[in-house]
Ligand SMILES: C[S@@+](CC[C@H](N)C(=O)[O-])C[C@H]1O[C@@H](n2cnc3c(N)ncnc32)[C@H](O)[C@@H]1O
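A single chain, nothing else alongside it, follows as structure tokens in the form predicted on its own.
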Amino acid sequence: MESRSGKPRLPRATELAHRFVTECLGPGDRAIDATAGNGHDTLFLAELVGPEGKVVAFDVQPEAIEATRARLEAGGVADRVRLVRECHSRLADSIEGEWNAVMFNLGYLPGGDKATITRPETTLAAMEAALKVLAPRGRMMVVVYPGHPGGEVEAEMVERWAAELDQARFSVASYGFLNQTNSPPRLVVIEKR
């Protein structure tokens, strides 16, 4: 990553998540965006899987689904994405088979109601369901946002849950800045062996 001055800088959690997904996802693959938000990750996934691939994106908020739909249509990739207006905890009800990548971008909808946030209990249920459908060598990216009310608790629960996964079946890593103020986002990456 480069700064405005053109010099290299450490990547943010969301940029690093995209880098790790790029390594495991390609044309014809299948991906899940468990938190569609404004559609940035959904569009990114749809571009990676190409015309033969498939993406399913979840969000409970109608404005998130509409923002994502508009972004996908503007990008010319709406035909490869199924939008599901449902809590990500219901993920298992809407998908089947193996999926190559799953992305979670937790917290609240940027530009939306900051009182509507992801919750640990629904997030952990969604992550459990996602692990069951993750293909071998597939990856799950979870960007946690500890800097908002409720975010630190969710981040801690996600990281504790991930740390307890069986190392014979999963590799788990965590990335984040150690000396930044305002509790910047952190990334948890889970790869199925």
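Bear in mind that the values here come from a model prediction, so they are computed numbers and not experimental data. Numbering starts at 1 and follows the sequence shown.
Keep in mind that the form predicted together with the ligand is missing from the display, and what follows is about it.
The candidate stretches are 163-171, 132-140, 33-41, 48-56, and the one lying within 4.5 Å of the ligand in the predicted bound form by heavy atoms is 33-41. Proximity of residue 86 to the ligand in the predicted bound form: non-hydrogen atoms within 4.5 Å are present.
Residue 100 falls outside the set of residues with a heavy atom inside 4.5 Å of the ligand in the predicted bound form. At the 4.5 Å threshold, heavy atoms of residue 94 stay clear of the ligand in the predicted bound form, well away from it. Using a 4.5 Å cutoff between non-hydrogen atoms, residue 111 does not count as a contact of the ligand in the predicted bound form.
The partner is not shown here, but in the predicted bound form the stretch 103-140 reaches within 4.5 angstroms of the ligand through a heavy atom at 105, 106, 107, 108, 109, 110, 116, 117, 118, 122.
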